[in-house]
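Listed next as structure tokens is one chain, alone, in the form predicted on its own.
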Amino acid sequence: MHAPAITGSGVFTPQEVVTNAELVAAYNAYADRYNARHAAEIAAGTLMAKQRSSEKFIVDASGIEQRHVMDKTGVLNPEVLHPLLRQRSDDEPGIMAEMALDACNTALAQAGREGAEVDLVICAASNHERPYPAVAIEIQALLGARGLAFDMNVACSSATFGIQAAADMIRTGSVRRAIVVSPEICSGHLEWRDRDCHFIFGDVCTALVLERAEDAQGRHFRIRSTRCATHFSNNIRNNNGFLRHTRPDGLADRRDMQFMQEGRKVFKEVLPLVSRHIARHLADEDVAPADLSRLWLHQANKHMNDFIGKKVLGRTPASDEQPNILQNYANTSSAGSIIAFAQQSEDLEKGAIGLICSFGAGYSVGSVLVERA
């Protein structure tokens, strides 16, 4: 058996930024036009008027101040309110593979490795731009990697589940070196016309290089253990998919074809689930909460992370103990905890213990216990 380690990390951040002020202006223009078009129905009580949004509402609800997106022109056009991404030919790299290549190359450089030395690529993301061929295989080809590649979708926990899969394959010797890459174009699955969620998501891509600890060429994080769990719930759901075209209303622009959630139920049910999951993981590894130097939590909502951090540590975590990147990136689905890890881990000294944790639709929760080596 081989000890797996994280030896490199990379983050691709889109250049375009949408601030809360820009987002509110676009949404309110849409809401005002909608209310004007449907004034008669609203007056008659047969249709609800659209509420306006505000910067205060967004920050109070989530802690988000801005988000990066692959296209802001469509997102900020009140008549469009979704990203506008060009149609690519089948002979050129897909947009997710293009994002992934950037993040993977950064992670490989940090690990001191070349693409040809990789023998496993897992594209772990909450959405994939096509069912097949697998995006992971396209990324594998662009990197010049060997071995095998496959896509994985466990919603916001995709990256941590991908880490467990790669770590297990390294432990058993079936692969020597892997990349877990998470290209998240969350702007494409968000309903920007819904005031309750129009501010939640942003775009990004993260990548991690995993290999045998004995092969590491520099400072790295040994993966002490991983733990993943799922519990079925409809409270976060997206009903889009290829079967929609087989149904009578399959071409309709239905609200449930985009991100949907019952926010209050999610908050109430997920927080104890995640807190228990982390506590049991630590207990099974004989790690006391006081032994943790850092918690890299899923970046969905500041209030959720504050609750979990306090529950796990038994006190309010210091800002350097539980890094928060949500204010700058918004919710980037499976990539959020990995951004926090990539940006807030270099300062840890040898022997420091940290935990990466994600949670989301499914419900799903994944945790990775690491130690600085």
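What you see is a predicted model, and the numbers here were worked out from it, not measured in a lab. Counting begins at 1, following the sequence as shown.
Quick note: we don't show the form predicted in complex with a small molecule, though the next part is all about it.
Though the small molecule is absent from this view, in the model of the complex it lies within 4.5 Å of a heavy atom of just one residue from Ala216, Val266, Met257, Leu101, which is Val266. The listed set Val135, Val175, Leu190, Val75 contains one residue whose heavy atoms approach the small molecule in the model of the complex to within 4.5 Å, identified as Leu190. Residues with any non-hydrogen atom within 4.5 angstroms of the small molecule in the model of the complex fall in just one of 67-75, 196-204, 246-254, 115-123: 196-204. The closest non-hydrogen atom of Cys156 lies within 4.5 Å of the small molecule in the model of the complex.
Interface membership of Ala29, defined by any non-hydrogen atom within 4.5 Å of the small molecule in the model of the complex, is ruled out. None of the heavy atoms of Ser233 is located within 4.5 Å of the small molecule in the model of the complex.
The small molecule is not drawn, but in the model of the complex it has no heavy atom within 4.5 Å of Gln322. For the candidate spot formed by Ser62, Cys186 and Ala361, every residue has a non-hydrogen atom within 4.5 angstroms of the small molecule in the model of the complex.
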